[in-house]
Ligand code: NAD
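Shown here is one chain on its own, the form predicted alone, set out as structure tokens.
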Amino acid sequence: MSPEWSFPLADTIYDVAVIGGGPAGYTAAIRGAEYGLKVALIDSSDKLGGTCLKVGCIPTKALLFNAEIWDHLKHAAEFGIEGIGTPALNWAAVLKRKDGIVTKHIKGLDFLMKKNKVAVIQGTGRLTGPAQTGVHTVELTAADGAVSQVQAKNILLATGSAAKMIPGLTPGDRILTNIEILSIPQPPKSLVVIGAGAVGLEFASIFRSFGTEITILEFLPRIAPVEDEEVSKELTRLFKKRGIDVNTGAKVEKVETTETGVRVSFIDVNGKQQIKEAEKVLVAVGRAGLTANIGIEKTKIELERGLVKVNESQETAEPGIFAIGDIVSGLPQLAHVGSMCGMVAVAKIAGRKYRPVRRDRIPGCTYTEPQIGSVGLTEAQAKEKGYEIKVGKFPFAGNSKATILGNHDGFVKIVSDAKYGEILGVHILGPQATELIAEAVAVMELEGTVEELMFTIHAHPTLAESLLDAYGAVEGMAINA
């Protein structure tokens, strides 16, 4: 099923024109339609979903689930499962399943656009300047080069981001970004991962499960650098336990192709020259917002390091033009952040109530093995802000459900305000951390205190009980540790 693409109509003035069909853009379009607004969604691709659905979050997590199953199969005998012999990896089937998941949800988006009567217009949208008599004009260039216009009272910029590349390198079959690595014909025998943020760590985890020799090179002093320092330290230990070569404080000097693969030259933390050869290299050094060539220079929109500055309703310095998603300055480039920013913007346009996105209420998730889920201030950040804090920490080794799952590495860490007991940050490393963190986000939104949460019943046996014990640990009263 392909989308029923609309064509721009000269006499149609939309309430909102959204430029970009990723999670930020399509969420804003649907919510705007639910508010009764007349919405156009402009995207240069013939498939909605953006990076997240097509070459990001969704396919990556599909591979991570395959890796999790594969890891369980390695230890099948421990669970009393015998007679399966030596498992064989059918990588083509793995990729087929991954692609099937992506296709299913692309079709789902097509259905939602029709259901909500959103006009989906294929083409590249560019701003033409300020509104004229209350109406903005978007220049639309079709795939065949034809140029037309879309008119709207408000515009939402949701053009997304692209992987940054080390200068002088070009992605190909050996030098990979998140796009190329998702379609390689076989797991490589060896892989150097440059960058230890979420993307680099997730792919390192995936391919290590499938037997690839992994080397991580991170310029900063620790992997997962945005996380609490204790999380980074323990993840490093667990990655090394899995046989992953973790190098922090590493400065990459040169990446070159060889007859059999790639050669990476770097300066290690001790200042010594090192060379690592591998079959492939993944460049995961961050993402750049796609703010060029969309007409920003024709408006009052302000940029900060190439990203768009907005107010609490996501509106730019140009009245009637909003920015959401990966192009927004000051917010992490996460799909769920873009989606919420989109909902905030259209609520403002529709005159509905909304709550601005708070940086300290955004959950961060890294789907490695073990997983990371975090929200709020790290211990160091809380101290820097002048809080007198109390910290509680509970290991999954004391959680019965984690033992049942055979997955008890990691811990839950609570950072709280010592005076009032308010939860300032929650940091989880362990099984299903990316699911468990949702409770912490809700707790912090409602300004929950340690005292209240120590008397909040958590079902037994569950991984969620680890949070109850961690709340108790703040007061030195964890039951199971």
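Bear in mind that the values here come from a model prediction, so they are computed numbers and not experimental data. A residue's number is simply how far along the shown sequence it sits, counting from 1.
Beyond the structure shown, there is the form predicted together with this ligand, which is absent from this document and is the topic of what follows.
Visitor: Would you say all of I194, E202 and R287 touch this ligand in the predicted complex, counting a heavy atom within 4.5 Å as a touch?
Guide: Yes, because I194, E202 and R287 each have a heavy atom that approaches this ligand to within 4.5 Å in the predicted complex.
Visitor: To test your reading of this chain, name the stretch in 205-213, 329-337, 111-119, 347-355 whose heavy atoms come within 4.5 Å of this ligand in the predicted complex.
Guide: Looking at the partner contacts, the answer comes out as 329-337.
Visitor: Wondering, does I179 line up within 4.5 Å of this ligand in the predicted complex on heavy atoms?
Guide: So I179 does not count as contacting this ligand.
Visitor: In the predicted complex, does Y367 have a heavy atom within 4.5 Å of this ligand?
Guide: Although this ligand is absent here, Y367 would touch it in the predicted complex, with heavy atoms inside 4.5 Å.
Visitor: Can you tell me if E218 lies within 4.5 angstroms of this ligand in the predicted complex, counting non-hydrogen atoms only?
Guide: Yes, E218 lies within 4.5 Å of this ligand in the predicted complex.
Visitor: Closest heavy atom of G129 to this ligand in the predicted complex, within 4.5 Å or not?
Guide: Flag for G129 set to no.
Visitor: Looking at A382, V252, I296, I244 here, can you tell me which has any non-hydrogen atom within 4.5 angstroms of this ligand in the predicted complex?
Guide: Filtering the options by heavy-atom distance leaves V252.
Visitor: Name the single residue among V102, I301, A198, I389 that comes within 4.5 Å of this ligand in the predicted complex, judging by heavy atoms.
Guide: Looking at the other structure, the residue within range turns out to be A198.
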